[in-house]
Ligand code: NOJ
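Encoded as structure tokens, the following chain is the form predicted alone, with no partner shown.
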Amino acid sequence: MQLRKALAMGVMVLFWGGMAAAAQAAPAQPAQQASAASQADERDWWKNAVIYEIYPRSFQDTNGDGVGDLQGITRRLDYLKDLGVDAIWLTPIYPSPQIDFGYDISDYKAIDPRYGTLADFDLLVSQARKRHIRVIMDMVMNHTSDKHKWFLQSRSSRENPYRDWYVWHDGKKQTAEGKPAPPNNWQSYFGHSAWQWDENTRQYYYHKFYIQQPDLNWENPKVHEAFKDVIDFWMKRGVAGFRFDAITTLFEDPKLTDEGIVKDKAGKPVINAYGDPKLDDTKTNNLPGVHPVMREMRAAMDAFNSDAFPGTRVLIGETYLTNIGDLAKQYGSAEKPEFHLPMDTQLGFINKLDVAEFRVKLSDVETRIGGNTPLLVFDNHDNPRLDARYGDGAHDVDIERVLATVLFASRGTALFYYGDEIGMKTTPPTRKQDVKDPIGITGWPKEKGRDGERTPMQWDVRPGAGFTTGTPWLPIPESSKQANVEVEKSNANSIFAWYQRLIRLKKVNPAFAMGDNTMLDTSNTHVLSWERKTPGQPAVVISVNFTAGPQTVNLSGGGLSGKVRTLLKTPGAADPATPGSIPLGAFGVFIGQVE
């Protein structure tokens, strides 16, 4: 509520193209009130924040080795400030053998030399803070690298003190090869059995992901204490929070019960891209033990205080969940809080433009998470980019405007992936020998891996796209000649300009920033419309055409009356005379303020 008041006091500058609305300046406030508003802003910064995911390998290279680095991120902070970003989330930059490109961590308290040094990290944090940008780290607690000192100790003998830091079990009956069979049928997300035989100690260890990523044993209190120490280390260096990777996989069924096999309508097992029967994931994902762990981590972070880096430290969860009830549980309760922002992947990964489904999912996250703040996300480093999942090949940029509008014009925090703002395209390898991602090597050709969504950021038209002066670690596509920052910043109708204006509205318009969402025209199967409303401020209406044909939406049945002043619209759209009739072109968008 205090943040809402602070926003209402601010200066509003709303524009489309070169057209600006009148600014409204707040009267001077007493210094004590201004200080209180500032404190509230520090405390609640995340509730309307724009968070930008950076894949450091692919953002900006400064030493010509073809791999991005921390100095490169620091060099691009002014770009991020200009875009309107409040925080950056860095995928792992810790020392790693790079089997899973950083998600196999060998040391949680250092920086991988490929990316730089701790001094480079400290400089990034301090320079980002000068621009009011916070730095969020990735925290991988489900597993470590098999080269981490904890696991090297654990596998050295059954009597080693670190043995029970990981999940070890005896196998079942003897096989023809002279070793026991795995304890059960559990599978790795990256193909085949989730159990790896260790000849030295004659047991299996469990790995939900790669063989080189053994799972930690979260039944062991020492593991809890080790990660609280890691989190404290980075908070003292000024990080603003953590995104917890694969957090719902921390626990497994202690009885080692086989998972069910998913079957098709004919009753036959569904076979995945790796040639394995698909399992239902019920014994290795989203088990109840995750909640007390996250309450413990939240309490440790809430207790941390630093005058040098004030403000709330935010916990973000990678939470791929199948229903809104399970998502709501990830927030915890007022007495026992867990995540500030569990990711709502139920909306962003529908992967089809379905008005009815979008409407239901937006209503769910508005009304069924206990009044908490939603975190909407449509894209990340593990999934094909927006063009591949939502595009039709002819209107990709228009569709990306549609998705950006849903992301930024809905209540809550918005998270997006580097390159979305310039319409970067998914460019998967065309030959197996070019694949870098091990899951693409294992699953080829059905699974081509994640290289296609991790190609380097496209800054300009030079060789290397302004990312590197050397050979980039992944090839830069031909589409970079049109989709790059240099070209798009000079085009008022570009997807970059659309992102920038939407983010601006999210920051300066009170209803757009903190207003509740109410769905309008709910029987319409072609256009998604909703209203943003906050007490004492003009309402904002948003209409988004999900089709390739022109549509006219009628909102008069929703109780709207009076004139609507255009705040933002797609090129070629007409201004409505009343809110009752809004004409939209193909995949068109209209945002207006009710007066």
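Not measured: the values here are computed from a predicted model. Heads up: residue numbers just count along the shown sequence, starting at 1.
The same protein also exists as the form predicted together with ligand NOJ; that form is not shown, yet it is the one meant from here on.
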| query | finding |
| --- | --- |
| Interface segment, criterion being heavy atoms within 4.5 Å of ligand NOJ in the model of the complex, picked from 402-410, 208-216, 516-524, 111-119 | 208-216 |
| Touches ligand NOJ in the model of the complex: K507 (any heavy atom, 4.5 Å) | no |
| Proximity of D396 to ligand NOJ in the model of the complex, heavy atoms at 4.5 Å | no |
| R313, heavy atom within 4.5 angstroms of ligand NOJ in the model of the complex | no |
| Proximity of H381 to ligand NOJ in the model of the complex, heavy atoms at 4.5 Å | yes |
| The single option of K448, K329, R76, R243 touching ligand NOJ in the model of the complex, heavy atom within 4.5 Å | R243 |
| Contact residue in the model of the complex, from F190, F339, W234, F416 (heavy atom within 4.5 Å of ligand NOJ) | F190 |
| Stretch 495-513: residues contacting ligand NOJ in the model of the complex, 4.5 Å heavy atom cut-off | none |
